Structures are given as structure tokens and as C-alpha cells.
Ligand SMILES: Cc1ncc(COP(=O)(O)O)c(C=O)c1O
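The chain below stands alone and is given as C-alpha cells, in the form predicted on its own.
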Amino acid sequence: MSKRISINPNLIELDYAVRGKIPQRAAEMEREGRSTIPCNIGNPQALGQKPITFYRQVLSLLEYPTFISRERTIKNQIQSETVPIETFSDTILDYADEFLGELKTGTGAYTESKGPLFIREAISNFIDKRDGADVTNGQLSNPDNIFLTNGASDAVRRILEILITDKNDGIMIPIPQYPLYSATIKRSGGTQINYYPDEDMDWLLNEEILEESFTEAEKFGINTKAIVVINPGNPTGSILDEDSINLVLDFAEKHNLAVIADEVYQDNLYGGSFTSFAAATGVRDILLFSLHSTSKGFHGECGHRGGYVEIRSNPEVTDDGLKLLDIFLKQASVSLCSNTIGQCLTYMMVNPLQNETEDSYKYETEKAAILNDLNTKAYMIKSAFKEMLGVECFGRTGAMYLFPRLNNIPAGKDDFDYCMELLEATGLCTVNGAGFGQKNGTHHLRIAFLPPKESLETVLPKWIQFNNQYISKS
């Protein structure tokens, strides 16, 4: 077909730097036979992080249930053998067997659109346990207000698709932000409203920051519908304190805004502490969307696309009494359901092995090893920054990223030029700060601290040398 066709202009204008020109050039270099280190995206297993054994053992049995009875038979046959043969433990076999009993139709069938009730109940229990919630001190999680999704990205798309009705509907997003939000707002035909956490104060918030952005949007006739908060932050890695969280909730309550709390990095704290927006909201009547995912944390199961959104509050959306949760269910029903393997992993994420067995010990050991390794690698990179001229990095270490500020970019250059030349010189693939948004006149880059330590030991001295020579041109 040679004729030009018209398509959705919002898609033409989409920009997604995490998969943009710098990573595309890195892919070309790989095809040319040059090695690169892909630090542009939070994709742990692509960089050598091993899957959690418990997850993969249970998944293999869920996908091929015949192995459960086969493994039990083998275990019975070899009990008298002097040479041990490795088999699945009774703990793993029982976990998979009980899961399949609850699921009833196996992993190859559609589930109900929200996701199976027993998985949603497990998520509710996880949320209440995490937040220390009970009937006496806060609003308990409700399984009926939980929807299983294909990762957190799918949840973001669903939420913004519902909230945005036309170009005058605005969504407040933190700058810098994960470009999923700007891209999805653009795709949905709404307006992006920027607010700017204070970098020099470790990316914290104050009332003036939020009110200034809201008031500016009002001047242009924008109807602000929601505020997005990413905690721990992406790309900054910062961790919000309780004062900042309560500030956002007070602001949302004052202006009748929904809060979209992206909390997919809640396990990536490295000594910091996490307060969920659900816990902080308590019994206040604020429309809150809380997102979580199996892709991040220590799980790293990006390709399986598991996640959920929990919705607190259920406002009416039509004069005849139709409510928000009714629309969410309609929307979920169009896709029939999220993928079943992602649902299985989400269940395991919120309902890990509890009994004191060798398997639960192994699970906790693997979890601690992954998080400790990430913390060590973040420290290695932050230490290297101290040897780089004009490089500063603010905030506590959280999530999987560092977002250093590049203070001495040569005249006529910007952070895109810096990152592209860094890639060519060292093979290190990062994302320039402009891809996430940043204050005018500043330059940054985001690096995921996921590569093996051996790779970092090799590339960090090269980066220091590159930076200091690059800065000397200014």
C-alpha cells in the first residue's frame, strides 16, 4: 500500500526515551560486534539476575501439572536409595497442588476479568499485613477493589484511559518522571501538568511546589484530575518521607484529585523505609489507585507481566448511579483477563512460603542476596561519581536507578550528546535526563544499577576518564 494514511496523531507524537535513540544505537553496536552494557532499562534478568527458585519451580508445576504426581511417585521410589536424586520438595509440590485446586481451570484458560478471587484475597491480606491495618486503625483492603493487570504499565493505561475525557483534562506528574506517564497521557489525549520535586533537598516536596503547578494549569483552563506519585522514585531512586506523602494527600483532598501511587519499587529500599499511600490515606475519602508489579523488587520477572491495581473509594460516574468500579470491570472485561502466568506470579509475590522449611529459608536467602547485591552496585556507581568532575547525585538510594546531575556540560552540548558519546566510548547505555523531563538549564542521566559487579568494575574507570575529558572541553 503506497498511499498515505491518516492515523492517531497522539501516537505520532509519542516519545519513550527508555527505548529511544540511545538504546537503538546500542543495538546497532551489538550487531556490529561491539559489546554494550544495557543500563537504560530496569530489566534485571536480562543482566544476569537469577530468577527466584521458588517462583520458577512452582510455575513449572503449574504449567505441567502431571509433574506433581510424577514427582511424588519418584520421591516415594527413591526413599531407600543411598544416592540422593534431586526432586521438588513436598512444600513446593503442595503449594502448586493447592494453587491449581483454587484456580480450577489451569493456566491455559481465561480467568474472571478481575482475576481469581483467591488471588485478590491474598493481595488484600498482603496489603493489610504490610500496612499494619485492621478494623481498629484503618480502612482494610477489599478484594473486590483489586484488579489483576499485565504489569503496572497496564494499570496506568487503564486508569488514565478512564480519567481523561478530553485535552483539557490534566494529570500532574513529577518531573523527572517515568516516560510511561507522559506517553500514556499523550496517547489518551489529555494534558500533562508538571510538578518539580526539590532535587537539592533530596527530591522532597512542599506545598508551594504542588500549588504552583495546579494554579498554572488553571490559568490555561486545564481541569486537573489526578496527581501521580512514584515512590520509590523512577528515575531518581528517591524515597518519599511521610511528610511528603501526607502533603500529597492533603493537596489531593483539597482539590478533589485522584492519587495514582506507583509503588512497584517498594522492596527496593536498601535500608530506607517505605510508607504506602494506602496506609497514609487511612479512612479519608480520597480516590487512590495503588500499583504494584512482579517486575521489580527482588523478583525481576519483567517478561511475565504480573501486577495489580487496588482502588480505594468508589465515586459515582453517571446520574443513574453507575460507579467507578463498574467501569473498571467493563474495561477489564474487554480484554477478558490479564495473563494467567502473571496472575500466578503475583500470587506468589504476595503469598510467599511462610513455613520454616528449607525452601522458605532458600527463598529468604535469595531475596536478601539480590537486594544486597543491588545495594552494593549502587554504592559502587555513587562512589565513582565522586571522581567525576561536575557530577552530583541527590536523594537516598531506592528503586533500581541513579539520576546524577551533570553540572558542566560543554557549551553547545546537552545530556543526549553526553550519553550518546559515553555509549560510543565505553559501551555503557544510559538514558539522558531530558527523556524523563528535568528543570530547564539542568542536565542529567539515568543509570540502572543492574549489571554484574565485574562489568561495573571494568566500565566505571572508563566512565570516569570519559567524563573528566568531556568536561575539560567546556
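Numbers for residues come from their place in the sequence shown, where the first is 1. Only a predicted model underlies this, so the values are computations on that prediction, with no experimental measurement involved.
Form predicted in complex with the named molecule: not shown, discussed below.
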Candidate site Gly170, Tyr195 and Leu257: all three near the named molecule in the model of the complex by heavy atom within 4.5 Å: no
Of Ser295, Thr184, Ser244, Thr281, the one that lies within 4.5 Å of the named molecule in the model of the complex (heavy atoms): Ser295
Heavy atom within 4.5 Å of the named molecule in the model of the complex - residue from Arg158, Arg305, Lys114, Lys377: Arg305
Interface segment, criterion being heavy atoms within 4.5 Å of the named molecule in the model of the complex, picked from 319-327, 258-266, 128-136, 199-207: 258-266
Tyr178 within 4.5 Å of the named molecule in the model of the complex, heavy atoms: yes
Distance check, Tyr347 to the named molecule in the model of the complex, heavy atom within 4.5 Å: no
Gly151 within 4.5 Å of the named molecule in the model of the complex, heavy atoms: yes
Ile230, heavy atom within 4.5 angstroms of the named molecule in the model of the complex: yes
Those residues of 375-406 which, in the model of the complex, come within 4.5 Å of the named molecule by heavy atom: Tyr401
